[in-house]
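A lone chain, given as structure tokens: the form predicted alone.
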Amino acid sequence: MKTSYKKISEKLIESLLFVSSMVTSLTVILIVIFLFKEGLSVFNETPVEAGNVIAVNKKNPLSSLSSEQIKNIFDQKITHWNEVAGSKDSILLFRLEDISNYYTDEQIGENFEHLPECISKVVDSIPGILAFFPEKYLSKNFHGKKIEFNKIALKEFFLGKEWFPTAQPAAQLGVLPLILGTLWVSFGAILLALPLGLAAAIYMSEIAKPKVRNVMKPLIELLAGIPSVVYGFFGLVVIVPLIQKLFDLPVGETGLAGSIVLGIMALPTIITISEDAMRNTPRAMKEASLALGASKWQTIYKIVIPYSISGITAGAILGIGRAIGETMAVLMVTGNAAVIPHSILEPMRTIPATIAAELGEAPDGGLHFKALFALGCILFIITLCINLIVEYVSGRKTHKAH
């Protein structure tokens, strides 16, 4: 009876563990599918927000405009149609609020019932006009020519140099500055945190006296529980002025400040996990190495590190993941400038900071909303690639050790 009850209990526990693992795995898969479903939908959109129209005079030979050309026209950087393969006329911009310059309120109508016809007549009467207005005011017998836009292309999205998703009338969705900013800050943090974290772990596990280790380890673990906004304040008050003074910069909010703050934030994770992995190295293996004449440092390098490389890799991946995915601290110390950085001493903007700063303002299901999900997809891919690289390097070291 007891044996039967024990078997039933074991089967029940196994079933619960199986269900738990399946639910966890399925949740992760569904999250990734949802992320990419929302993110990739941005490539089915045009840079002009749905519900708006850009039109020109029907005699204008122009057939298409890029989002960058539209921006330059509305910024008055392009003032003649022949600069964009159009007519020889000067460009006259027309927005909906400009209709009062051509028609009175009585002509437009108390409820704007005549507004579509008025807009159509204005576009038809001015050869060099470029009109931007809501599509609901497009008359059935419109006398102008609508400009058609191609869907957002991968090349335009990834190689574009300007991120301005709320620009009117055409959004600027160039993510290159954000990708470069993320890589600058993340790799700087990794280069700072990995060597220091590994060195601290080696010291605590193999060199430090028990009293020293018993004091240091709780303090380091305590650092992992400090909120990121506190690190951000520390960086803003201490690190940013120091960098500004040390390098004689106009502002101290730079990629280097972000790298230092993220490196500090990643250290507790890397140190704690790596130190635990090193302390699990069998004592017999270390004593055998010393008995064969190896020095203490040779034992650490040839025995301890290769044996605990999987734990060190796990610590590195978790630390790097925190560095790449951090938002608030980076938002506070990097300058938040969406421009292409040429040096780590320049202000820059990362993908997580962009998502955190803009998602609350993006209309649900709109172009801006989908573009931010696409940024999430890029961040996921960057993190995955870095994790695979760390795993590959660790695997090679393990293979050489054997």
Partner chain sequence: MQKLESRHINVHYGTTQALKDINIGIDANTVTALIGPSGCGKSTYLRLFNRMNDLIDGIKIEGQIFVDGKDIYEKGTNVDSLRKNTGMVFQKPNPFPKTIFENVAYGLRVNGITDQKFIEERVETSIQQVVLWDEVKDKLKKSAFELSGGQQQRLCIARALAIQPSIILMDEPTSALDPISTAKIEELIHELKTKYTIVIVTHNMQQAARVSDHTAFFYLGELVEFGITKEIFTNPKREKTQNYITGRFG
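Predicted model, so just to flag it, every value in this text is computed and none were measured. Numbering follows the first chain given and starts at 1.
Beyond what is shown, the protein has a form predicted in complex with the partner chain; the following relates to that form.
- Shown without its partner, this chain lists 96, 251, 285, 176 as candidates; in the predicted bound form, only 285 has a non-hydrogen atom within 4.5 angstroms of the partner chain.
- For the options 299, 120, 313, 172, the one in contact with the partner chain in the predicted bound form, meaning a heavy atom within 4.5 Å, is 299.
- Of the candidate stretches 87-95, 302-310, 109-117, 142-150, only 302-310 has residues whose heavy atoms lie within 4.5 Å of the partner chain in the predicted bound form.
- A residue is said to contact a partner when one of its heavy atoms sits within 4.5 Å of a partner heavy atom; residue 294 meets this definition for the partner chain in the predicted bound form.
- Looking at residue 289, you'd find a heavy atom of it within 4.5 angstroms of the partner chain in the predicted bound form.
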